[in-house]
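Before any questions on binding or motion, here is one chain by itself as structure tokens, the form predicted alone.
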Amino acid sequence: MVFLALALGGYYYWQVEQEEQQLDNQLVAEAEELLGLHAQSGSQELASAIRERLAKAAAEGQATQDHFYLYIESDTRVIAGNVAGWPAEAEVDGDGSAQTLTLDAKENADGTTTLLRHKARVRVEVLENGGKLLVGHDLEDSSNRRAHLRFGLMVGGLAVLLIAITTGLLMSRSLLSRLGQMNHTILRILAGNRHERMPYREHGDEFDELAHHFDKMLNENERLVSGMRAVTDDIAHDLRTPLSRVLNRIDLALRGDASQEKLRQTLEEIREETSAILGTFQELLLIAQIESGAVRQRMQEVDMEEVVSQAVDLYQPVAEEVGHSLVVATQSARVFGNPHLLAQVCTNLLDNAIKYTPPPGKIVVTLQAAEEGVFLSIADSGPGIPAQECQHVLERFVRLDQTRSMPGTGLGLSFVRAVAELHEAQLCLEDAEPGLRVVLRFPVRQEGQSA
């Protein structure tokens, strides 16, 4: 709005300047016409022409003081014109350009002569006989236009200033109101209302974007808190049994009637149980570190073909020992990630496939690089997982009924899910008909992407 007001003011000012330029051009043309008449016909014809122009202007009802003429042969002898006398500030020896002067013009009304002072734009010429010619036009209209322009610009400027102040006050009031709502929401959340969320106005502005990001942070915090609560409950539930067995064995050993060999056997059993408990805690700690992103800084370019080959070489003898055939089909593929975690994912999936597939079974490992990303697939011919349980088994300590008799903690697939989320990979559990196929699709790394 301010720029519009300035543009309009500039346009009107340019218009006034153009009118003054046109006025100067008219003065030049009129002065040259009278000079030519004087050169051809002499002083008398020049004086007659001036009188005729003044008489014509008066006959047409024009104010004679709008046009000024003065022809003199000396400083005191006026030959023709409606100017009372030669203006003292007129530059006679100049370059002939237009000047702005104050003139005392004569106006005849009912036979009475009066003198009126006018501000005029004039052109002065020196004649060959020593006389001087003055041709001028009144500047009252131009001055009025300039005054109106200044007044209009002042009023417009005040209006723009008033609108700007009003708009600023309304915007600041709106901003303070929204900040107040956000502040009250934060205070309610701090007071214990964890399910409160930031208010939206669906404007799509920076405040809505800030509220959206804040809500995402709250949702993530709530998810982490819920995860910690679930982990605590799972630990309390799943570790109660092994800890109870450890206490029972210690109580038996403390009765005093056990032999040395029995005590040794009890201590070995306690050590195995304790080692299993510590292993569970270590796995939980590693999953928590992965989910928190603490290992993200150790990510780098990884040759997945080499990672898969090393895992296959490690488990090939194990698979053959129990009667499984291990089929491998890989191609060169690189991803951006943590090599140690990716290697552990491969070993976890191979260990599950070998452990839960009745012999003789078939395990197929496939690594493929495509435009959509890098695909790692490990399929077995075992009992598989029901479709309705595929998401459930990705949670901590979840074990299906048919696998509870086998050793394990129920953290293997939870670990795989955490690593997949860290690498922004898509994890899918599919029916291999028969068996289970676990597919990891790693995204294509963009140029210049870093950890």
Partner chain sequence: MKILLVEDDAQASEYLATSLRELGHAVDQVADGLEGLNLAMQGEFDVLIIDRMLPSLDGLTLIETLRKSGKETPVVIVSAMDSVDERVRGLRSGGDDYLTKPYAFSELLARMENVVQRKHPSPPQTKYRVADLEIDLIQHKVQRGGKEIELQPREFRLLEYLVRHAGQVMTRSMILEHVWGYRFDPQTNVIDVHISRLRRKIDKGFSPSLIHTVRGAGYTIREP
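Residue numbers count along the first chain shown, from 1. Owing to the predicted nature of the structure, the values given are computational and were not obtained by experimental measurement.
There is also a form predicted together with the partner chain; it is not shown, and the following applies to it.
- With a 4.5 Å cutoff on heavy atoms, E125 does not count as touching the partner chain in the predicted complex; it lies far away.
- Although the partner is absent here, V318 sits close enough that one of its heavy atoms falls within 4.5 Å of the partner chain in the predicted complex.
- Although the partner is absent here, Q310 lies within 4.5 Å of the partner chain in the predicted complex, judged by heavy atoms.
- In the predicted complex, no heavy atom of A333 sits within 4.5 Å of the partner chain.
- Proximity of L23, N25 and E91 to the partner chain in the predicted complex is absent: no residue of the three has a non-hydrogen atom within 4.5 angstroms.
- Put simply, of I165, V155, V225, L278 only one has a heavy atom within 4.5 Å of the partner chain in the predicted complex, and it is L278.
- When you look in the predicted complex, the only residue of H118, K355, R249, R121 with a non-hydrogen atom within 4.5 Å of the partner chain is K355.
- Residues with any non-hydrogen atom within 4.5 angstroms of the partner chain in the predicted complex fall in just one of 204 to 212, 345 to 353, 174 to 182, 157 to 165: 345 to 353.
- For the partner-free chain shown, nothing in 22 to 56 comes within 4.5 angstroms of the partner chain in the predicted complex, judged by any non-hydrogen atom.
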